[in-house]
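Next up: just one chain, as structure tokens, the form predicted alone.
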Amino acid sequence: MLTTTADRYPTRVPVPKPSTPRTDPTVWGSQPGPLDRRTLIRHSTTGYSVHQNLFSADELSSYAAAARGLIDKPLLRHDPRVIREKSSLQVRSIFEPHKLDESIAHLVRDPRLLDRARQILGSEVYVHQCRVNYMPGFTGQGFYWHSDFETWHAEDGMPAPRAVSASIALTENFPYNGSLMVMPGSHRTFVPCVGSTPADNFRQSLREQTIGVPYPGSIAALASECGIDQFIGPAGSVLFFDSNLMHGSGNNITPFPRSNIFIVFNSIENLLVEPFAAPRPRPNFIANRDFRPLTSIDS
């Protein structure tokens, strides 16, 4: 049975509440690793860092082919891990790709990712969530402004924002093909969201999120204070970003598809408990409860 703990970040409230300052660090401790002090300071200040050339062209080609291949697997056509767009029914996301493809299973344990996550979080880590996000040309639908931690806290029972996401670009991210937008420094503020969580909200929210999105006034205030940056760059670019960073993306009406592999590393000192604002936990393919620490593929 999962235990409970004090709720330091109340959300899913009946009426809008003021945002609250974050009470946890972004970079935890001083664990050694591949990131230099300057990068860690920038990551702590802005809530994200971009890492170029972590993977060779051959490696990236292999991961991109694996991601494309998952779409056409007959066994996945009716699998709940496959999320489709509301209107076009094209594949929007596939969860647990590391359990469906051996090369992606190696990717989540690659020391180039794992050691950076350990250094930022100051501990051993496990995969809280892994998915491939697809944004096809012409019809790709965006993701509205949100903090991942707000959802993971409310619906998965993640106590603190001691998690970091790695987004590996499988295609070039242009300014115009639905690339990710972030509000630098917004991770220092927790924005409570309005509205109670329906049972099995994930069935709707993974296609189009309406519960767990900030009040427009909160978004406007954060954007005015923090500004907006955009993650653009060639395939193979890797964005590490804090779980509480406000981010979103627009629709892709260009002919150029955009896709990425998204891996969430959570600290083994930040294990999930009962959801803080939902009737029951989401399925394991969305919020993993196998808390065994990851070992590097070269271990």
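Just so it is clear, the structure is predicted and the values come from calculations on it, not from any experiment. For every residue, the number given is its place in the sequence shown, counted from 1.
Beyond the structure shown, there is the form predicted in complex with a further copy of the same chain, which is absent from this document and is the topic of what follows.
The listed set 202, 134, 145, 190 contains one residue whose heavy atoms approach a further copy of the same chain in the model of the complex to within 4.5 Å, identified as 145. Distance criterion of 4.5 Å from any heavy atom to a further copy of the same chain in the model of the complex singles out 251 from the list 45, 31, 251, 62.
The closest heavy atom approach of residue 89 to a further copy of the same chain in the model of the complex falls outside 4.5 Å. At a distance threshold of 4.5 angstroms between non-hydrogen atoms, residue 220 is in contact with a further copy of the same chain in the model of the complex. Although the partner is absent here, residue 74 lies well away from a further copy of the same chain in the model of the complex, with no heavy atom inside 4.5 Å.
In the model of the complex, a further copy of the same chain sits within 4.5 Å of a heavy atom of residue 181. Across the options 147-155, 122-130, 173-181, 104-112, residues that bring heavy atoms within 4.5 Å of a further copy of the same chain in the model of the complex belong to 173-181.
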